[in-house]
Ligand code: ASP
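This document starts with one chain, in the form predicted alone, laid out as structure tokens.
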């Protein structure tokens, strides 16, 4: 008989279901088993007349994988429960053991959030069986699906950009990859697809997006890891309001279709200066305590960021992105290298419930502006050419005004699921010390691998 998923069970029908044993309760003549699959959970009962099924039911334990053939009965009125499939139960006529399981190192049927992090990540495949983690990963999948659907309706094209790229000194530290065919040279894993998506605007696609993996060697925090995923978007012939309206429309459609409530529409637009004066930070939470209890989402835009900030060494660096376009009234100051501390950029962040949920800008499509930005940061003409010469070359062939945004998937899902840690919304996150889940990376390479990559380990500084 064809398998039926638990969520599709119908009263009165015969069905074959397959899944994991959640709980087994032996009441003497009757044995009750809660079975779960990826779609839900249902109770089944083994009656005395089904002797063969009863013998097997006596042996099975939690987390065994079994196949059950039976009939879907209506549960007696006094036995019904206010939960999924609480009004039905399976009368099990035949049980087949598919896979036995050892006793798990922690209770999967409970909330695993209180379990030691190292243990949870070592056995992440078991942690992911828990109801909360199943829900979180499915919310993530639904969010991504709905973002995709919205963007396709808006005539966007999904395009993948390279994973092996060039190392850049801007932003966070790069993760680098030795190039076997080019001894002594290295690729870098992308911190973002920033330059590639701008080049796609030069290429004439006009509306691009992808679910981009971004990799950054930065200090780990509750809401930050080495790897994350972003809904990466770029579009041509737009101004700042166009981008904000587009993304706001997407977020409203996506989260409301998922059953969430938004506190204020349209989203408030607050300048960086106002945010710092009122909240003391450019990330803030506009919810009341009542809003928090109800799971309401409070979105807001932060705009008008300073373009530059001072480094510890006293030099100027960009506050967000060197490819941003200054506000029109500040372009002349930038080109002259004057009034640097007061230059405002067309950068914008989307904040929600105290988290930065996304960030982007209207990009510079002028070579003179790009060169001026790097000059302010202390780069010579030769150094600028080395860093972004490919961008300057591309812009010679006609580039439309363009802008975009990257929405952090993990941070958005943290808001939707009310989780406080990034690891609760990723399938296989890293530990606080940068150790991978389940597998044991980072680890040493063999001497043969090192030789093939033309690498030698300095043991004195190891």
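Because the structure is predicted, anything quoted here is derived from the model rather than measured. Numbering follows the first chain given and starts at 1.
Quick note: we don't show the form predicted together with aspartic acid (ASP), though the next part is all about it.
- The listed set 190, 225, 326, 359 contains one residue whose heavy atoms approach aspartic acid (ASP) in the predicted bound form to within 4.5 Å, identified as 359.
- Checking 235, 194, 345, 353 for any heavy atom within 4.5 Å of aspartic acid (ASP) in the predicted bound form turns up a single hit: 194.
- Only one of 426-434, 402-410, 23-31, 59-67 lies within 4.5 Å of aspartic acid (ASP) in the predicted bound form by heavy atoms, and it is 402-410.
- Interface membership of residue 321, defined by any non-hydrogen atom within 4.5 Å of aspartic acid (ASP) in the predicted bound form, is confirmed.
- Residue contact with aspartic acid (ASP) in the predicted bound form: residue 120 places no heavy atom within 4.5 Å of it.
- Though the partner is left out of this view, residue 210 does not reach within 4.5 Å of aspartic acid (ASP) in the predicted bound form, counting heavy atoms only.
- When aspartic acid (ASP) is considered in the predicted bound form, residue 85 lies well away from it, no heavy atom lying within 4.5 Å.
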